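Given next, in structure tokens, is a single chain: the form predicted on its own.
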Amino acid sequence: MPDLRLEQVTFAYPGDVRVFGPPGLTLELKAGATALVGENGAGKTTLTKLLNGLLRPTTGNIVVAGQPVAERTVAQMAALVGYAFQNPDDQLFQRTVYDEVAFGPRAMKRPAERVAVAVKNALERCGLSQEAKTHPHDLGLPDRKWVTIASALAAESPVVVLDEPTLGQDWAAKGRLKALVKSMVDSDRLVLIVTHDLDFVAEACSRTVVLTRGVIRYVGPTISAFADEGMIHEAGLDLPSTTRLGLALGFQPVPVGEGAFLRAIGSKR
């Protein structure tokens, strides 16, 4: 059974501002790291908010971890979908980093001991242990992003949605994020990464969903998505420089990520 399933999902904002029209979105995803990419306004953030019940579809069905979203409240969905917002300031409201990360597990009425362990682990994995008593808004944007990621981790949910997680992150931080995504995948979680950063997609996501103008254009291995440069351009995105160079040089398969490119170069010597 897929960890996430959408069946003919349509949605419009008030005023008949249509995002997903008929026949609607149909999508199945299993555990692993999947990128959700597309141009601004494609519907990526709307789609993720449908997954946790923050928005409700006009028609169609959404099932997450075997549970129909329509039958559960937003609070109940929080146990199934950990969510890190694109703009951390839309999410952060507690007085300390610790309380921010603990808010979700506490709201789920989990035992205090379990909450303490989950928060401690999340802070350590996100490099925030020394900031536990800091007010979140006293942190810079890169660290505020990490607070939202830690909050998603602490929920211990089977599905984790990270909306533009590389925003403001330097090279080292992106490396830590890649390792974190891998650790979640190793524990059989579905990590959905909404991003314009195709360099990060190349390094961290084995599968990609391309969403353009409210329509799912592609679902499958990232390597096949990157091989179709025209589709990527239609989605308002640019391939990583190493992939573009690999295409120009005629490398097969198309190199995805710097490591793959270097291996391809080595094999030509």
Partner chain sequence: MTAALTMRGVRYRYPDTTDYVLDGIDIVVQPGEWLGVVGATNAGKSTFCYAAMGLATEFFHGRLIGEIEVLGTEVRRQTVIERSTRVGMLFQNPFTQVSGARERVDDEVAFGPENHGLEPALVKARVAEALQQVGLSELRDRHPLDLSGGQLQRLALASLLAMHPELLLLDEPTSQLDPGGTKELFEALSRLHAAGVTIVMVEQKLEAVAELCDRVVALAQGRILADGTPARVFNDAAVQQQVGAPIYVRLAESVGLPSPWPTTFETAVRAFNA
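Heads up, when I say rigid core I mean the largest set of C-alphas that superpose within 1.5 Å between the two forms. Numbering follows the first chain given and starts at 1. Everything numeric in this text was worked out from a predicted model, so none of it was measured.
Omitted from view is the form predicted in complex with its partner chain, to which the following refers.
Student: Against its partner chain in the predicted bound form, would P142 count as a contact residue? Criterion: heavy atoms within 4.5 Å.
Tutor: Yes, P142 lies within 4.5 Å of its partner chain in the predicted bound form.
Student: Given that the partner is absent here, does A12 sit within 4.5 Å of its partner chain in the predicted bound form, heavy atoms only?
Tutor: Residue-level check for A12: no, no contact with its partner chain.
Student: Can R125 be called a contact residue for its partner chain in the predicted bound form at 4.5 Å between heavy atoms?
Tutor: No, R125 stays farther than 4.5 Å from its partner chain in the predicted bound form.
Student: Does the 4.5 Å heavy atom contact test between V117 and its partner chain in the predicted bound form come out positive?
Tutor: Result no; V117 lies far from its partner chain in the predicted bound form.
Student: Report yes if all three of G168, E258 and I265 come within 4.5 Å of its partner chain in the predicted bound form by some heavy atom, otherwise no.
Tutor: So, yes: the whole triplet contacts its partner chain.
Student: Looking at R213, R207, R244, R217 here, can you tell me which has any non-hydrogen atom within 4.5 angstroms of its partner chain in the predicted bound form?
Tutor: Only one option qualifies, and that one is R244.
Student: Choose one stretch from 217-225, 235-243, 23-31, 61-69: the one whose residues place a heavy atom within 4.5 angstroms of its partner chain in the predicted bound form.
Tutor: Among the candidates, contact is made by 235-243.
Student: Between 29-46 and its partner chain in the predicted bound form, list the residues on our side with a heavy atom within 4.5 Å.
Tutor: Heavy-atom contacts to its partner chain in the predicted bound form: only N40.
Student: For A248, does the CA position differ by 2 Å or more between the shown form and the other one when the superposition is done on the rigid core?
Tutor: A248: C-alpha displaced by 2 Å or more between the shown form and the other one.
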